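Next up: just one chain, as structure tokens, the form predicted alone.
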């Protein structure tokens, strides 16, 4: 049954993205409402899949790297609805965001079977909490990346005084910057909580709160980038393009840590062994 939910979710997400594309082209509110409704239906089936999958995980204590990727795609859709209910309206975000969701979803669907090295620790509440909090920080980082790309496209046309398709379709620069600000603060909060819960788990079950593994070092670097960005924004007033570039830098570090380091480098805290 959960495989059926998974396949159904993929089809519905694709239909929703096509609808968002139609809205991006026409800016008809009816197209936006239908696309969001379809996305809600897809998210519902995606959630049913995860209810079933979480039950299986805690029955078997087997977690796969594909699960992590798929859960991240679920979280990104959830965060999209969070922003959609906020006062900041960036309606065309769905058109740019869903390709990322679909990419992660399809990647998890066809990903080779790679077991998590932390399956023995799933019985502890601290490791699942650490993983979920960390993944939420990744979700906000990835949405910040997409919004940053939208910002740079919009800013490029305004700067060149060539008001083309992006100027007409994308939200104002101020709205995009405010979304990035929320992604920054919430991403930093979840990353901090993820690190703290990971420290508690490591100290309780491994006897050491910090092991200086490559994954931990890169996570610390990403946390420092967030902290610097918040400092520069609050005290110096960094806005717009600088923040967008920092999000792109953060994404490159995250991509290296999440895919390259996790899958190709052996050591503690990686899936390569």
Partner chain sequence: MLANLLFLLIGLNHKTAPVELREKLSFKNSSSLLLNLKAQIPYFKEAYFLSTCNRVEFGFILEKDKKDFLLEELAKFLERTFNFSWDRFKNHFYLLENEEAVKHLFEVSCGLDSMVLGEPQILGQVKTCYQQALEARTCGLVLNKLFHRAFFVAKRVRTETGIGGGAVSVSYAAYQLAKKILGSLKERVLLLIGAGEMAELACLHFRSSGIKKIIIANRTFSKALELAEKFKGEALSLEELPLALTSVDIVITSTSSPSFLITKDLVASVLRARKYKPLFIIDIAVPRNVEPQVNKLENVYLYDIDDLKLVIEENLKERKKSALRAKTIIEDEVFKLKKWAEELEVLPTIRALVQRAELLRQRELAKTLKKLKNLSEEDRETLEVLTRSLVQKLLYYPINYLKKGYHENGKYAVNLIRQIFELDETFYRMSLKEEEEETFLKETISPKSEKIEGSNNRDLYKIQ
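From a predicted model like this one, the values you see are computed outputs, not experimental measurements. Numbering follows the first chain given and starts at 1.
Keep in mind that the form predicted in complex with its partner chain is missing from the display, and what follows is about it.
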Given that the partner is absent here, state which listed stretch (166-174, 182-190, 137-145, 103-111) has heavy atoms within 4.5 Å of its partner chain in the model of the complex. 166-174
Spell out, yes or no, whether the shortest heavy atom distance between residue 207 and its partner chain in the model of the complex is within 4.5 Å. no
Using a 4.5 Å heavy atom cut-off, state whether residue 95 contacts its partner chain in the model of the complex. no
Look up in the model of the complex whether residue 75 has a non-hydrogen atom within 4.5 angstroms of its partner chain, and give yes or no. no
4.5 angstroms heavy atom contact with its partner chain in the model of the complex for residue 154: yes
The unique member of 88, 158, 200, 129 whose heavy atoms fall within 4.5 Å of its partner chain in the model of the complex: 158
So which of 37, 234, 54, 228 gets a non-hydrogen atom within 4.5 Å of its partner chain in the model of the complex? 234
